[in-house]
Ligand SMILES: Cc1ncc(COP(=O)(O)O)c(C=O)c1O
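Only one chain comes next, encoded as structure tokens, the form predicted on its own.
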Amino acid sequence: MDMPIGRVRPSIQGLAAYRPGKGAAQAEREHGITNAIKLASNENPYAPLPAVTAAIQAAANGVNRYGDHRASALRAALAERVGVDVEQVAVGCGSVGLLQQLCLTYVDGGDEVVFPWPSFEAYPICTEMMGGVPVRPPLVDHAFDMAAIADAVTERTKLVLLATPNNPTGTAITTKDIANLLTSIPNNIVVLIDEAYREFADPSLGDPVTDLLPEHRNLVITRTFSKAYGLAGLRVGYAISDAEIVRELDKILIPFAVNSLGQAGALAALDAFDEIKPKLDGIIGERDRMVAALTDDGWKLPPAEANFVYIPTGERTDDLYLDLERAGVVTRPFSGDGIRVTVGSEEENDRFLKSFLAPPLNET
């Protein structure tokens, strides 16, 4: 018998790889169709503004040199934008890169990481990568059960991970609810508030940077340029936390993880936010239109606070997803539970609604 190549760590051997949303081209090949659309990965349907594209193109002239490892100018701009000291800002390869840094920093084998479930699929991967133990209090009516999360915390807990709005359900929690949790668990447990979809959520939910961080040094808030800013392909995320936590995260920042093109694009996007905001308002309007159409058809949906809609399709999930895909509309299924549909352009959303609501797809 041939010997295995290398000796893989046990925690990696049994690890499930991250599963990205299927692309339109792949669906076309699999089903022999054309003109498929991708509503599977919660991407912004609009290309970057010309000023942002120009900044990226200008930065491309210098890609023979390494970018600024710390992304110092971007950190400074973000600190000014959110109103914290620059020492409180970290950067990473998307917000998921910062999640990985957080697990590398705090989780040893056997340590517990608490997160509601279902939620972002990278949470168990990053936990188990370190030999950590995922603890998954179940959602109730597609929303977080905050009492169950608090009860799940033990002396072995190192991290609590909360995505708000939650992926895939789109539900969100208020800073008041988070404050109640923070006061009920030890302050030596780091709590992550993952706000990848913050710009699409109701502002009345609160801002953890201003509402919570001044009183809770164990809090980490992550955000990204992938969704609202439309820079998913550049992979730029950032964290806001206590300076002590940022210093630890920076120790394991992969050299030049945020490349020079990403830094240039993110800085330009920050400067252009007033021009980006109307596009975000349009996405929110389209989301609400989709929710209304589905609700009018009899579907009971959880509150949608992100740039996607979650449809609890239960046991019909796999069949409905496959029928949509054969119709050229690629969504994201969560087998036995529901389908997550990204809010696309008006034309794309019309196509989804027409396909999903028309018989026989929607026969009950």
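Every value quoted in this text rests on a predicted model; they were computed, and no experiment measured them. Residues carry their position along the shown sequence, with the first being 1.
Unshown form predicted in complex with this ligand; subsequent notes refer to it.
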- Message: in the predicted complex, does each of N167, T224 and K227 have a heavy atom within 4.5 Å of this ligand?
- Response: yes
- Message: Using a 4.5 angstroms cut-off on non-hydrogen atoms, would P124 count as touching this ligand in the predicted complex?
- Response: no
- Message: Against this ligand in the predicted complex, would A196 count as a contact residue? Criterion: heavy atoms within 4.5 Å.
- Response: yes
- Just to confirm, V96 within 4.5 Å of this ligand in the predicted complex by heavy atoms? yes
- Might A163 be said to contact this ligand in the predicted complex, defining contact as any heavy atom within 4.5 Å? yes
- Message: Just to be sure I understand the contacts: of R287, R235, R75, H142, which is the one whose heavy atoms reach within 4.5 angstroms of this ligand in the predicted complex?
- Response: R235
- Query: If we take heavy atoms and a 4.5 Å cut-off, which stretch out of 87-95, 169-177, 258-266, 200-208 is in contact with this ligand in the predicted complex?
  - Reply: 87-95
